[in-house]
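Coming up is one lone chain in structure tokens, specifically the form predicted on its own.
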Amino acid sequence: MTLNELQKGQSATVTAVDANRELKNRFSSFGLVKGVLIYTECHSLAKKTMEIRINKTRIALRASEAEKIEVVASE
């Protein structure tokens, strides 16, 4: 499952990041790395962007960026 498939309020653990080096470095600077627990805060109306939370940090991602992040949903 990819990050953009999560619904508002769901949490998940990142299992892989399938992106180029530049994007991986950007994600890593936000703390978005393999093994981290993330929470989906909200989506835009057309689901083109989403807001996620890692600990106390909130990050806005484009849908195209979220598709590159593999996750396992938490119960």
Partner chain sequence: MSSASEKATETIKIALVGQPNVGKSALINSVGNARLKVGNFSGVTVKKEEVRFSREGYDFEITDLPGSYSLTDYTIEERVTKQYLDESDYDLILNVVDSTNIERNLYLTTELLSLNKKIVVALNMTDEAVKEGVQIDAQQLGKILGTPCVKTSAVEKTGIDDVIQAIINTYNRRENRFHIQFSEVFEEEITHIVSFLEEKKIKCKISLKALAIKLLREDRETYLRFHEEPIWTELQPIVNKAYQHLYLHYDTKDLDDIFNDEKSALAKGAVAETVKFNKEITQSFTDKIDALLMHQFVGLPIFLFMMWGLFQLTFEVGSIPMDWIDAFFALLIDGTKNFLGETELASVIADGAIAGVGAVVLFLPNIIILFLGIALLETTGYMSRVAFLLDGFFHKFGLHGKSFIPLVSGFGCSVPAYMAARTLKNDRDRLLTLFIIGFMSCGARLPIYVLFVGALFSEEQAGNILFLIYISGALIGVIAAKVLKMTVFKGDDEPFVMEMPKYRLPSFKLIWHTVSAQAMMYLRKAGTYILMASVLIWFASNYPKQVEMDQEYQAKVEQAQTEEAINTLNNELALYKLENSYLGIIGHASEPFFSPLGYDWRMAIALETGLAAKEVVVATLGVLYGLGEEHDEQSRGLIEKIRANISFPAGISFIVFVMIYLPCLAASMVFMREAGGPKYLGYLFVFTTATAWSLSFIAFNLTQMLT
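Positions refer to the first chain, counted from 1. As the structure is a computational prediction, the values presented were derived from the model and not from experiment.
Another form, the form predicted together with the partner chain, is not on view; read the next lines as being about it.
Contact check for T57: a non-hydrogen atom falls within 4.5 Å of the partner chain in the predicted complex.
Although the partner is absent from this view, E51 contacts the partner chain in the predicted complex, with a non-hydrogen atom inside 4.5 angstroms. Contact annotation: L61 falls within 4.5 Å of the partner chain in the predicted complex, judged by heavy atom distances.
A residue is said to contact a partner when one of its heavy atoms sits within 4.5 Å of a partner heavy atom; A16 fails this definition for the partner chain in the predicted complex, lying far away.
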